[in-house]
Ligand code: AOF
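To begin, one chain is listed below as structure tokens, in the form predicted on its own.
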Amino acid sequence: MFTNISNNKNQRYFMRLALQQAKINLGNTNNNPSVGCVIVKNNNIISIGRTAFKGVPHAEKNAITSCKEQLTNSTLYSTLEPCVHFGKTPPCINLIKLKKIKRVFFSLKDPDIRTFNKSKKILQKHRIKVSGGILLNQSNKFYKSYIKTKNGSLPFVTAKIAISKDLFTVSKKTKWITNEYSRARVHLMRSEHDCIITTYQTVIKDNPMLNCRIKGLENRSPDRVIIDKNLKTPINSKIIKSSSKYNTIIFYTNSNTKRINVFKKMKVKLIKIDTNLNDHFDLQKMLLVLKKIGYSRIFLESGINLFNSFLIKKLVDEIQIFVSSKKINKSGSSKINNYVKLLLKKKSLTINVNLFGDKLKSYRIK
């Protein structure tokens, strides 16, 4: 692949291409961040790479090993500081040194303490020029979930809700409040998360699959998590019947042996946790369990009650609100409450997308 760019904006241009590579596998690299890499020689792109599906190999290794050109004196662009530690794979800086790459540009320092701010010093000892901070603002936004999971105890949570123009979340007359373009956008969002949380009430009411049904992205369907204290999720629901294909977890507390055995036969993973004094699950504790399993990007897709609970407990990092162009008036129920409306007034609107009449409004909460 050869692309020639000849102006003083080269570095930003090539880093944008690297970010585009990183975005392809967002939410699908397990505990590893999704990184993009571009290798340039004589102002021509000679290789590209990204973190592989499920997290290994890393982007730099994929770009280096797939390159058919000599890498001596080339320049490597990576969205994240190249790793210096041994994990599931050897450090990427070893390959960079071995192939005699001359310059390394990265955007963001890796918040992983095993690598943070270490690669520059090591590479410079081998006479490799290193510079960071290119497109830093864009990278900070892209890696917001990775930064949180490395610097904090909880995973990154995106809460999605669909509402009518007059702020109802449920219509008594139709299953869908928003249009087909909004629903397709939700499928894309699912593909960028490794886990979806819902409730047994939502399963009973809507009988959803909660997978990604965009052609070509079916294998990027996130794992499904159902909050179901008393194991009331219907055995014949789509989500349970497909649990052998898509990983499905139920958080429960009531030890109904018969139901437990049935779910296990259906390949559902059951996690028992205690309730609090109000006989509700501790949502923060549940998120800690999910992070320990390995989830870092969680998509909350449920009814208004759980949506509100997550917000009140300050467990939401980002809200995605799909607003229909239509009012549903008397046929509507479960309206957005004043707490949510006041909260959103205090937060800045980060994205406002027109979806052929519907609107997608994104808010950063933390």
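Since the structure is predicted, the reported quantities are computational estimates derived from the model, not experimental observations. Residue numbers run from 1 along the displayed sequence.
There is another form of this protein, the form predicted in complex with the ligand, and it is not shown here; the text below is about that form.
Residues with any non-hydrogen atom within 4.5 angstroms of the ligand in the predicted bound form fall in just one of 52-60, 316-324, 302-310, 337-345: 52-60. Residue-level contacts in the predicted bound form: of Lys245, Lys264, Lys102, Arg114, one residue has a heavy atom within 4.5 Å of the ligand, and it is Arg114.
Distance criterion of 4.5 Å from any heavy atom to the ligand in the predicted bound form singles out Lys150 from the list Lys129, Lys150, Lys205, Lys285. For the marked spot (Val35, Gly87 and Asp110), a heavy atom within 4.5 Å of the ligand in the predicted bound form is present in each of the three residues. Not displayed here, the ligand is kept clear of Phe168 by more than 4.5 Å at the level of heavy atoms in the predicted bound form. By the criterion of a heavy atom within 4.5 Å, Glu81 is counted among the residues contacting the ligand in the predicted bound form. In the predicted bound form, the ligand sits within 4.5 Å of a heavy atom of Tyr146.
When contacts are judged by a 4.5 Å heavy atom cut-off, Leu290 does not count as touching the ligand in the predicted bound form.
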